[in-house]
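Form predicted on its own, single chain, as structure tokens, below.
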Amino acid sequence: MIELKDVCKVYGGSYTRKEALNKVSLKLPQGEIVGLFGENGAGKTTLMKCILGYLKYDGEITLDGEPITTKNIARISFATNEHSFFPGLTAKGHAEFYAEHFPKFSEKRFKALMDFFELSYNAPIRHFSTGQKNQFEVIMAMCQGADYILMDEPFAGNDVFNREDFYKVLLGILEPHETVILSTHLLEEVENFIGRAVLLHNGRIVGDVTTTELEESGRTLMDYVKETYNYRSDRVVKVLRELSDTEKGN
């Protein structure tokens, strides 16, 4: 289990201070598919990077009760649209590199996903399109052999059919011990794929619910999100009315 206890992260100094995470406490057991939601700047990416140790933070993050260090970091993989591969290396070269450094690297899964996305084995990754680069990030994260797979907006630049098909493939290949934490804005696309939704707002967790609980209450994920964020459906009508009145006044 990954557990966060009172995790805080602040960017900037006294004049540019931004509280990205504010006393975030969260438990992420193995075998879950968790959707991490929130507006831009809510703290989703920061939370993931703190788990990975990319950022310094206050509080505590553990993996099965132990600090996350070089000894156990291989149990966590990360697919980021900021890209973490070697641009001059081919996909085949990446697979060989990962197999050398990660004993649990799955060549079988790698080949299946490369064929699914129809990516070239022998072209340098820098020649891939943006969408293909994001697909490749996901492939490497899925094949590393990690127990926890973190995905930060993994399908930017991909069409809806590729995304929908991949969710189906992912459900079919995940092992019972594998956990996916997926940060995305595509709520309605992943509603039937995730088992739990965690909502962030201004660096705080404001919602945490399973899809089973939503079904039992007769609510959709979008209903829950709008309710949690106090979404005002009348604000569009209000601004259009104000603009209309202004134009008439002119």
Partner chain sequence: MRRIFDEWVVTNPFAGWERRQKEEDNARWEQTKKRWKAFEAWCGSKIDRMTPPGFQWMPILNWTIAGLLGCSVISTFRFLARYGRGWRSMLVSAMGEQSAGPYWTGKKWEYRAAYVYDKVIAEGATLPSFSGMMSGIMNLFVYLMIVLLLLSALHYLYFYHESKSIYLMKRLPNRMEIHRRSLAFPMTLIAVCMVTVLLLVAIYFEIYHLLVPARCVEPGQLARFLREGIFNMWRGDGL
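Numbering follows the first chain given and starts at 1. Bear in mind the structure is a predicted one, so any value in this text is a computation, not a measurement.
Another form, the form predicted in complex with its partner chain, is not on view; read the next lines as being about it.
Undergrad: S120: heavy atom within 4.5 Å of its partner chain in the predicted bound form?
TA: Output for S120 is no: heavy atoms all beyond 4.5 Å of its partner chain.
Undergrad: I'd like to know whether F116 contacts its partner chain in the predicted bound form, with contact meaning heavy atoms within 4.5 angstroms.
TA: Result no; F116 lies far from its partner chain in the predicted bound form.
Undergrad: In the predicted bound form, does L52 have a heavy atom within 4.5 Å of its partner chain?
TA: Yes, L52 is a contact residue.
Undergrad: With heavy atoms only and a cut-off of 4.5 Å, decide whether G172 touches its partner chain in the predicted bound form.
TA: Contact with its partner chain, no.
Undergrad: Specify the contacting stretch among 174 to 182, 161 to 169, 69 to 77, 106 to 114, defined as having any heavy atom within 4.5 Å of its partner chain in the predicted bound form.
TA: After filtering at 4.5 Å, what remains is 69 to 77.
Undergrad: Using a 4.5 Å heavy atom cutoff, which residues in 94 to 127 contact its partner chain in the predicted bound form? It's fine if the answer is none.
TA: The stretch 94 to 127, when checked against its partner chain in the predicted bound form, contributes F97, Y98, E100, H101, F102, R126 at the 4.5 Å heavy-atom cut-off.
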